[in-house]
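Just the one chain here, the form predicted alone, laid out as C-alpha cells.
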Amino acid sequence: MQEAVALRVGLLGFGTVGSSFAEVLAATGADVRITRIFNRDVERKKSHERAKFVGAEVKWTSDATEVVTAEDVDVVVEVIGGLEPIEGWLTTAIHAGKHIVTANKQLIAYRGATLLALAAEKKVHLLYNAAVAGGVPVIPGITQGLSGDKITRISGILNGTCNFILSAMEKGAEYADVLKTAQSLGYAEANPSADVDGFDARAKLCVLSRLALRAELNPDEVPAQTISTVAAIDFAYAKELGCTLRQVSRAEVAGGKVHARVGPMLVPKEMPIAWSHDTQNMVVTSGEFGGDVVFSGHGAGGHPTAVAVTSDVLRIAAGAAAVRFPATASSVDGDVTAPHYIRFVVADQPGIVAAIAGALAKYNVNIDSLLQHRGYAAEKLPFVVTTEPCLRSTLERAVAEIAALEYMLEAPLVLQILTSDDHATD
C-alpha cells in the first residue's frame, strides 16, 4: 500500500499573517508541510524569531516564481495583498496546476471572476475565506450553510480598524487621537485611506455580493464615504436619537438592481450591528426563507486570519469539492430611501433654520427633528437636522444648495440612519 504524501505548501509572504499561518498550521498536527517561502529580505526573515514555526528544510527565496512553479508545491498560499504583481504570480501558479489559498480581498474583488474561471478550467481550487472578516467563517457560512436560501441583502461591519476608531470615539475620544493609537497598534497603516475612506470595506462587500447575492460588482462603482469627517459631537447627537455610529457596508437586490453603499451610518442601539466593538467584524445576511443570520467575531489580526487560511488549506488536504455559484455582472445603484442625519456648523444668525427648512422643502424633504446642544459659541455652532425617509440623491442636491449659504462654516455632514426597513429605490 502506497504511503500518503503530505500536502506541500508554498507560502508567499512571511509577515504577520504568514508567520501566524505557519504557527497555526504547526499546531494542527495535520499532514501538511510548508516547503517553500517567498519574502523580500529573506535573510532577515529566516533569522526572525517567528521562523521557528517552519522546518529547517524549508527553502526560502526572494523570487516568487521559484514558489509558484516548484514541483514540491501543491498549494500556493498568498498573504501579501494587492493586485500586482500578485495576480500574475497566482495566474502562473494556476497554469502550473497549483491550488490557491489567498487572504487578498482586493484581488478577489477586482480579479476574482477571472481567476475563479481559470481555476475551474484547470481543475484546481481557489479558496479565499480569509479575504472577508478574517477568522469569522462568513464565506463558508454563506456558500455552504446558506446556499439553500435566497439572500436579498447583506450588511455589516467589515473593517476592524474603522470599528476600533468609532468604538473609541463612542467613549469620548477624538478621531485624530484614536487614529494615531490605531496606527501605533498596527491596526492602521501610515496612510490609513484604504480603511477610513471605505475602500477596504467595499472590496469585501463586493466579494460577499458575488457569493450571497450572485452579483458581480465593480468596487469602483460602489459609493464609499469616509469616517474622517465624523466628530465626537456626532456621537452625542446619535445617543439622543437612540443610536451609535458605525462604518456600515450594505448591498441589496431590489427592483432588478443591486444597491450598495459603504460609509458611517447611525445605527439604532437595538440592532446587532451596534453591538460590535473594537476590531470585531459582523455580517448580517437577510434571506427570503431563513430570515436574518448574524456572523460575528474578531476579523483583524494575524491569528484570526491565519485560522481562516489554515482552514482552507485543510479543506484542500481533505479533498473537499469546490463550491462555485454563477454570478451575473451587475451595475451598482448607490441610492436608497432612508431617514438621514445632517450636521451643520454655522456662524449663528437669525433665519438659518428657516433657510435650511426652505431648501429641504424645495426638494420635498421633510424634517423629522432638530437638535441643538447648549454651550457652543454662536460664531461656530453645531446643530443637527434629521429627515423623514427620502432619496439620498435628492437630499444631496438640497444639501449642496444649503452648503453654499454664507454662514455655513463647514460642509454639512450627511449620514444615513439605518433602519430595519430601509429600502432601495426601484
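Quick note: we count residues from 1 along the sequence shown, nothing fancier. This is a predicted model, so every value here is computed, not measured.
Below, we turn to the form predicted in complex with another copy of the chain, even though it does not appear here.
- Contact annotation for residue 361: none of its heavy atoms lies within 4.5 Å of another copy of the chain in the predicted complex.
- Proximity of residue 293 to another copy of the chain in the predicted complex falls within the 4.5 Å heavy atom cutoff.
- When contacts are judged by a 4.5 Å heavy atom cut-off, residue 315 counts as touching another copy of the chain in the predicted complex.
- Using a 4.5 Å cutoff between non-hydrogen atoms, residue 122 does not count as a contact of another copy of the chain in the predicted complex.
- Annotated contacts: 165, 263 and 416 are all free of another copy of the chain in the predicted complex [non-hydrogen atom within 4.5 angstroms].
- The single contact residue among 307, 108, 224, 332, judged by any heavy atom lying within 4.5 Å of another copy of the chain in the predicted complex, is 307.
- Here is the short version: of 378, 370, 400, 27, the single residue with a heavy atom within 4.5 Å of another copy of the chain in the predicted complex is 27.
- Checking 195-203, 249-257, 168-176, 138-146 against another copy of the chain in the predicted complex, the stretch whose residues place heavy atoms within 4.5 Å of it is 138-146.
- Along 110-133, one residue reaches a heavy atom to within 4.5 Å of another copy of the chain in the predicted complex: 129.
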